Every structure is written in C-alpha cells, then in structure tokens.
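Only one chain is given next, in structure tokens, and it is the form predicted on its own.
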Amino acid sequence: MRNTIYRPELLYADGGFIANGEVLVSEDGQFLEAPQGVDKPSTQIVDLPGKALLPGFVNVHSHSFQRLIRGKSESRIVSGKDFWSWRGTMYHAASQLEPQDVFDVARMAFLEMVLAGTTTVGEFHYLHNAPNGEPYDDPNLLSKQVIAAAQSVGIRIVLLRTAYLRSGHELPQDPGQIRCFESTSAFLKNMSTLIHDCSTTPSEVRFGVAPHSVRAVPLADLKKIAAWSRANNLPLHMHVAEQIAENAACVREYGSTPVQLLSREKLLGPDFTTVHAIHISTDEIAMLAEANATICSCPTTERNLGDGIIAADHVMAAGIRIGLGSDSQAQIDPLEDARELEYHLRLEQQKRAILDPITAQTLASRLFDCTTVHGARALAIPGGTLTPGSFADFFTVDLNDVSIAGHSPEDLLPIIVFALNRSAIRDVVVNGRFILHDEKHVLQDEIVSRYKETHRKVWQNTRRSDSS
C-alpha cells in the first residue's frame, strides 16, 4: 500500500468549496497534511473529474433490524395510533429473527446508509437473546452478527451495546422485550467480553455503552453502568424525553423528568448523548448545555412516529451540538434529517430560515455539521472532517446530477443540503478504501437478494401466525 492523493473538481473546505483542491490519505487510512510541490513517485494519484468531495456522514443512532418493518406499520389497524402501539409491530418482527437474519437485515440497512454517503454508524443494539428469551451460548452472538454485517459492507461501526433491564416502573415484563433483557452484572460482563473478543479488529469497529432509557434502566443500575463506561473511556448514549408519557413515568418514579434526573445525579457530561430530547424545557436545555452533552435528533423517524419536534433553535442557541440518526430506518437519508431540523420549525412557526441567525455560521454549514462533525464527537471518533489526523472517510457527488445542476462553488453547499438526491452520490471511501465506486457496491446484488429472502420469510411467517 502507499499514500494516495485524491483530486476532485471541488473540495469541501471551511463550510464551502474550493476548486483544484486535494487531500492526501496515508496507507493506514488517515488524512495527512496536504502535499506540497511535486508529487512523489511513491504517491498514487486519483483524479475525480466532475465530482465534489465531502467528509462522510456520521449516523449517530441506528436500530438496523427495524429496516425490516419499513412500510409495515403505516396503518392504524396494524400498529395502532401512537408510538407505544407501534412498538408491537417492531417487537413482533424482532421475535422472528435468527442470527443469520440479523446479519442479513443489518447488511441491507448499512448498504443503504453507504449509498446515502454514510461512512460511520452508531448501532444502538438491544437484541441480545434467542427468540424465547434465553441467552445464546455466546451472549454477544447478535452483537457480533451486526459487527460482521458492518465489516461486510465496509461501513465503520460504533457498536453501542444496550442495557435493557425492565419494561418500566411498576410494569410487568413485556413479552415483546424478552430478547433485550439482561441483568446489570450480565450486561457489564458481556460488554467487557465483547470488547475483548473484538480487540484485534481494525479501527472500523469501536464500542460505546447505551443504557436504553430511564424507563428500562433503574437509577441505581444506571449509575453503575455510567461509572463503568467512564472508567473505560467509552461514549455513553441514552434515549431521553422522546415521549411525554416517558417524562411522566419518570416523574412518578423519581419526582423529576429524565433530564432533571440525569443532571441531578451528575450523569450528564461531554461523553453523554441524549437521543431525541424532544420534550424538554428551557431549564433542561440549560442543563444539557452546562454539561456540554450532545443531542442526537432523528427527524425522519420522529415525524414517522409522531414523537414531536425538537426545539433545534433553542438547543442551538444554547450552544448544544446536534448529531443525527436514522433510528427506525423509516427513511435513510442524512441530508433529509438535516433539512428537517429546519423545515419542521418552519411549519411550526410559519417562518423561514429559523436556524439561520443563531451564529455567524451559514445555515447550510450548520446543518451539514450536524451530519458530520457533531456525529463524530458523539461517537468519540476522529472523523466528520477532511483535516489531518482524521479518518479518511469521505464521499463524492456528481456535479452534473440533475438535483444540483446550475450550482457555483459559492452556493453548492446549500444546494446539496437542501436539494441533493441520493442518486448524485458516486463514491464512498472508508479508511482510505473505496466501498462504493461509481454508485456500485461489489456485494450489492447479494445483499439485496439475501435481504429479500429474509423479508419474505419473516412476513410470510407473520401472515401464517395471524391466520392461525
């Protein structure tokens, strides 16, 4: 292997684009200082005419297996009228999956992410047990299947292994969740073992800790898990304030909302990412800002589930970084999630460019940072930029694609953020290696074929079950 110089027609830099720029990538997959003078014979040159080069998207929050229910829950008859009844469809699909199915569905989700320009995924993984609720001989079997799926596709993964201890305060155990449950001691043991077992994997595989939510992890256990996570210098992620009912249950149990509880117990911090954080007050925004925590918003899922709209204007004004996630895979499009941060507020406030006057940074650049650098921070990886020392993760777009035709270097970023079609994405590079080249993944046909077979099997079984 040798160092490589990539030379696109336009290169993303400082919130805009420059012509005739180039990036230098080391043989071990990191960006180096830009080359100076005559190219050395030992350096490979890759010209990318007619293309713009941008840092790869970072998907902070994914449940890959939920790709299986896309389109299956868009009926009140099937999935009820709210988030809580929707979970029944999701749990039912999860109950059908064997380990090989988990692998095949994850590959499909990860392939679709790559086709959308995503180079890193934070997989919030909570399927641990066999369909009957019993642990596998290897309690990390399904985690390893998801990791193997990411490696097969070539996407970088931060496996956020999830602690799930109960169905909720004073609630009986939900049969739909039996694949998720572990004790705290078992979770920490299995987490340690998983990291040890994967210690020889390359840098494309990293880990984080994810207590599912306040309703699923009691406070005493949450404190133990957070302490373990911090002792091991791992990112800490948690569902927070996605639903009003979730807040109300926390108040009944602890006399505080989830954010108030986390702040009071000093569990928030720069390593903490609150996923969703929709139903939070001005005071709670201040708590998150003071702790320097990150919020992961998932707008395409949140609108699909009817969760609500994050107050991105108040959150950004407080200086809180927002990353983005595809969550339930209702739609996998990082730029759609980015633009919805703004568009949802426009519908709510009946104004335009709500997020534009918050700082001197342009609106397009601010939203693009949500898809890149803020996500990388949430997952504790050196990525989301084209700067020396960062992972060499990037994608290219076709400058002649119909969705962005008629651009100039000055207005290309807002056109990309607010109008780019996924069809414009041509190449995706992770760790300095092409995993998508001219819109084609080498395993694409196989991945799609295997997924279609799994999809057919799961939903055929469901129809048989419903008719019996």
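In this text, residue numbers run from 1 along the sequence as written. All values derive from a computational prediction rather than experimental measurement.
Below: the form predicted together with a further copy of the same chain, not depicted.
Residues placing heavy atoms within 4.5 Å of a further copy of the same chain in the predicted complex fall in a single listed stretch, namely 352-360, out of 134-142, 180-188, 352-360, 148-156. a further copy of the same chain in the predicted complex is not approached by Ala34, whose heavy atoms all lie more than 4.5 angstroms from it. In the predicted complex, at least one heavy atom of Trp86 sits within 4.5 Å of a heavy atom of a further copy of the same chain.
The closest heavy atom approach of Arg161 to a further copy of the same chain in the predicted complex falls outside 4.5 Å. In the predicted complex, a further copy of the same chain lies farther than 4.5 Å from every heavy atom of Glu246. In terms of contact with a further copy of the same chain in the predicted complex, the residue from Asp101, Glu204, Asp307, Asp369 that brings a heavy atom within 4.5 Å is Asp307. Comment: a further copy of the same chain is not present in this chain, but in the predicted complex one of Ala376, Ala293, Met108, Leu234 has a heavy atom within 4.5 Å of it, namely Met108. Residues Gln444, Val448, Tyr451, Lys452, His455 are the members of 430-456 with a non-hydrogen atom no more than 4.5 angstroms from a further copy of the same chain in the predicted complex. Three angstroms is the minimum change: in the predicted complex, the CA atoms of Asn421 and Thr359 sit closer than in this structure, by 3 Å or more. Compared with the form shown, the Thr282-Thr359 C-alpha separation increases in the predicted complex, the change being 3 Å or greater.
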